[in-house]
Each structure stands twice: as C-alpha cells, then as structure tokens.
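Shown below, as structure tokens, is a lone chain in the form predicted on its own; questions about how it binds or moves come after it.
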Amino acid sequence: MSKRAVDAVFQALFLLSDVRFLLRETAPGHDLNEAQKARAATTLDKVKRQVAILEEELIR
C-alpha cells in the first residue's frame, strides 16, 4: 500500500470522526440546523475525495 493510500485512510477516518462528533452534538434526534448541514456536506465531500484516492491507489 502506498503512503498516499495510507494517508487517505487516516484522513478519511479523521473526517468521519468529525461527522460522528456532529451526530453526538445533535443526538438524540439528529436534527441538523443549516450550518450543521453545510458542515456535514463539506466533510462528506472530503471523505469522498479520500475514498477516490484509495480507489486509485488500491483498485485501479
């Protein structure tokens, strides 16, 4: 596994921890306000980029 792939794994995990924190902030109903929704969308876009790197490095 390349260093780039390893870095992508760790970055994605850190980003998912941010999502987890957001969910903990909004428990139990997980009703996100507009700012939280924007933060979630931005974070999930970053996760998708890391997953794309993993696909490039490991699958293709």
Partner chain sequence: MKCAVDIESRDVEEMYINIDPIQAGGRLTAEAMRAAIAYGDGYSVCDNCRNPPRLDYIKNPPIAQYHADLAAWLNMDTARVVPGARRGFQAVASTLVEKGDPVILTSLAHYTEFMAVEAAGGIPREIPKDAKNHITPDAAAEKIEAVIREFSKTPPLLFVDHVDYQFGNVHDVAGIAKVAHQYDIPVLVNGAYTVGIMPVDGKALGADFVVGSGHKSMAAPAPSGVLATTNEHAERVFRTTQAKGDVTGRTFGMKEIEMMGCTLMGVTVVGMMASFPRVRERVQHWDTEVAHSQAVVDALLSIEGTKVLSDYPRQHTLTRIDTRESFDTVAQQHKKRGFFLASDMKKRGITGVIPGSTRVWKFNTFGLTEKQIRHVGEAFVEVARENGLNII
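Positions refer to the first chain, counted from 1. In this text the structure is predicted, and so the values were computed from the model without any measurement.
One more form of this protein should be noted, the form predicted together with the partner chain, which is absent from this view; the next part is about it.
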Can you tell me if R49 lies within 4.5 angstroms of the partner chain in the predicted complex, counting non-hydrogen atoms only? no
Since only the chain is shown here, I'm wondering whether L44 would be in contact with the partner chain in the predicted complex (any heavy atom pair within 4.5 Å). no
Check D31 for me: does it contact the partner chain in the predicted complex (non-hydrogen atoms, 4.5 angstroms)? yes
Is there a heavy atom of A27 no more than 4.5 Å from a heavy atom of the partner chain in the predicted complex? yes
Mind listing which residues of 1-34 have a heavy atom within 4.5 Å of the partner chain in the predicted complex? F10, L13, F14, S17, D18, R20, F21, L23, R24, E25, T26, A27, P28, H30, D31
